[in-house]
Every structure is written in structure tokens, then in C-alpha cells.
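The data below hold one chain only, encoded as C-alpha cells and taken in the form predicted on its own.
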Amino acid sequence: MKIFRMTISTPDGNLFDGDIQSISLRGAEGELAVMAGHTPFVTITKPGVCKLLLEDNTETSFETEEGILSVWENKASLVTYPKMK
């Protein structure tokens, strides 16, 4: 499967920076997923679980608050706050 570069940033630093196969999370209009080659776009995100399918087929996830997801030129960036416990 194709991969793309993903960065998840918070005010305290990066939660993740690496190559992934896909990301899924809650966007402004509901659940969404992004894979390599996706059409460029920007959207706000809602609180929830952000799931990443990594290059090696393992999965990792983060609970996040609202944020902004940008997708462009085989890269994606999520700027968010980590979910506070």
C-alpha cells in the first residue's frame, strides 16, 4: 500500500511524525479517512479518536480535542490538543 507523511502537532510538541498508510478521525461533517494521493483539503476536526495505520501495518491511536487537518502533496498535518484526562 502507498504511504504518505503525517505530522500530528500539539502546543507541547509533536505527538507523531512519520509515514503512514491512512488516518481516520472525526471531521466537521462526520468520520473521514485519508490515504496516500488524497485530494488536497483543509477541515476542522472534532474531539475523538484519531487512528493511524502505520507503514508496517500496525495501528496506533490518540484521543484528541478539536483541531485542523490539512492534506496536500502526499502529506498531512493535524494541529490539535491531546485529550485531557
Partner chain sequence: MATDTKRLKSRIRSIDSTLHLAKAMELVASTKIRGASELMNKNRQYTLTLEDMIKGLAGVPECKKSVYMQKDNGGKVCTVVIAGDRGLAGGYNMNVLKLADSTMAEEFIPVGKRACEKYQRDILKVEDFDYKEAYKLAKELCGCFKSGKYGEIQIVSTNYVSMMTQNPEVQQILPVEMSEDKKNVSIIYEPDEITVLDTLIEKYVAAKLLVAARESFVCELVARRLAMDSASKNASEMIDALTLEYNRARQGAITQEITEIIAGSGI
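Remember, it's a predicted structure, so these values are computed and weren't measured experimentally. Positions refer to the first chain, counted from 1.
What comes next is about the form predicted in complex with the partner chain, which is not displayed.
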Given that the partner chain is not shown alongside this chain, does residue 49 nevertheless sit within 4.5 Å of it in the predicted bound form, heavy atom to heavy atom?
no
Answer yes if any heavy atom of residue 24 is within 4.5 Å of a heavy atom of the partner chain in the predicted bound form; otherwise answer no.
no
Taking the shortest heavy atom distance, is residue 60 within 4.5 Å of the partner chain in the predicted bound form?
no
In the predicted bound form, is there a heavy atom of the partner chain that lies within 4.5 Å of any heavy atom of residue 79, even though the partner is absent here?
yes
Enumerate the residues of 43 to 80 that have a non-hydrogen atom within 4.5 Å of the partner chain in the predicted bound form, in sequence order, or give none.
43, 44, 66, 67, 68, 70, 72, 77, 79, 80
